[in-house]
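Encoded as C-alpha cells, the following chain is the form predicted alone, with no partner shown.
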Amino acid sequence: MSTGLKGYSPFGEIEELGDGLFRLNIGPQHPISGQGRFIVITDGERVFDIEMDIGYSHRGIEKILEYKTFVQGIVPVERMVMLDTSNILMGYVGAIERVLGIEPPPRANYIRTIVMEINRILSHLYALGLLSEAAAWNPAVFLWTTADREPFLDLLEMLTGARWSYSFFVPGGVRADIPNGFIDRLRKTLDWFEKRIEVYEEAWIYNELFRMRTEGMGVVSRQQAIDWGLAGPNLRASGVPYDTRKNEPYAAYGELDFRIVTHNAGDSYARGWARVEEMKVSVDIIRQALDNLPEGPVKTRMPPRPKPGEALFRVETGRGEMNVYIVSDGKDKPYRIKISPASFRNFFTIEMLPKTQEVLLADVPVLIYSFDPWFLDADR
C-alpha cells in the first residue's frame, strides 16, 4: 500500500488502497459547515463508501451536564447547534420540567413556540444556502439566505437580548415577556418573508439547472428511511408523515393547526424543497400563535430539588427529532443525561447510500448537504 499526497490526516489527503481504489479525506477542516471529516472510498469517479468521522470534534456535553445545575446546563446544551438553539434547548428544558414535576404557563408555551419556529426558519435558511453552494449552482443563494436571516435575528435580539445563543428558555417558562412593539414588527417581517420564499422558489426550486443537479440523486425510499432511522425533513421527504410537533405535541403545538410537509421522491431535490415548504408552515404557526397568545405569567417557580426519578422528552429540531433522557437522584444536578440528536441518525443514512445505489464523487457534496448535517450535533 503506497501513500499518495501527504496532508494533515493520519493517512494523508489521499491514500492509494490498490485495485484502483483510493481513500479520500474531506476535512477535517471546515468543509462547508462544521468541524468534521468524511472518509470517502472511490476509484476517482464512483464512490463505494462514505464514512462520517464521528468523534473528531467530540466535546463531552452529556458528561459536562452532570457537573452543572439544571439552570447552568442551559448554555452547554445550546452549543450543540448554535443555529437552532431554542429547539435544542426545548428538549433539555422539557425533560427537566418533567423531572421537577412542573408545567410552564400557557403564555410561556406560546412564546416558546414563536421562538422555536423563528429558529427553524433560521436553520432552514442556512441549510438551503449550503445546499446551493454544495451543488455549485448559484453562490448568490447563500448570500440571500444569510441576509434574510437578519430581520429575524434582530427580532430575537429584541426579545431575548441576544442574536445568537439566547438562553431564553428556563425550567418553568421563559426569562421575559414579549416587549412592546415586538408583535407588530414580527407580523411585518412575516409578510416580507413570505415574498422572499416566492423568490427562492422561482429562482432556485423551480430552476431547471438546480433540478438537473439534484433530482434522482441520493434517493432514500420510504422503507429505507424508516429502517435507517432518518429524521426530520429528510424523513418526511421520503414520504413518512412523522413530525414530533404533531405526533407528540409540546409547548403550544397541540393547540395549533398546521400541516406536515411530505414528498415521495426521497432525493436531494425533495429534501431541499421540503425545507422551503416547512418555512411556509413556520410562518403560519407563528401567525396562529400570535393571534391566540394568552395573557398571564411567563414563568412558574422552580422547586430547589427534584424527586429521584427519570424523564424522557422528545422535540422536533430543525434537523429532526431529538430525545433527551434525564435521570435524577434528587440533587440539583442530573445524575445522568443521554441526548439522541437527529444528525447522528441522518449520518447513518448518508453512509448507507453508496452501498445501495450508484454515487459519483462529484455528487458527494450535494448528497451530504441535502441532509443538512451538523457535526457538533452528532458529536455532542
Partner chain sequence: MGMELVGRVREVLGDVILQITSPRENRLYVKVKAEAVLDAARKLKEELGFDMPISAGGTDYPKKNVIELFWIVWHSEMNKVLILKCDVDRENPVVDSLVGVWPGVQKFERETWELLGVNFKGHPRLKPLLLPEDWTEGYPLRKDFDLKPYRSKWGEKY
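Numbering follows the first chain given and starts at 1. For clarity, every value in this text was computed on a predicted model and none was experimentally measured.
This next part talks about the form predicted together with the partner chain, which is not shown.
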**Q.** Which of 157-165, 74-82, 247-255, 114-122 lines the interface with the partner chain in the predicted complex (heavy atom within 4.5 Å)
**A.** 247-255
Q | Heavy atom within 4.5 Å of the partner chain in the predicted complex - residue from F142, F152, Y242, F182 | A | Y242
Q | Whether G55, R98 and S340 all lie within 4.5 angstroms of the partner chain in the predicted complex by heavy atom | A | yes
(Q) So, G229 and the partner chain: in the predicted complex, are they within 4.5 Å at any heavy atom pair? (A) yes
Q | Close approach of D332 to the partner chain in the predicted complex, 4.5 Å, heavy atom | A | no
Q) Quick one: does F48 come within 4.5 Å of the partner chain in the predicted complex, counting heavy atoms only? A) no
Q. Is there a heavy atom of E215 lying 4.5 Å or less from a heavy atom of the partner chain in the predicted complex?
A. no
**Q.** Residues in 63-98 with any heavy atom within 4.5 Å of the partner chain in the predicted complex
**A.** K63, I64, E66, Y67, R98
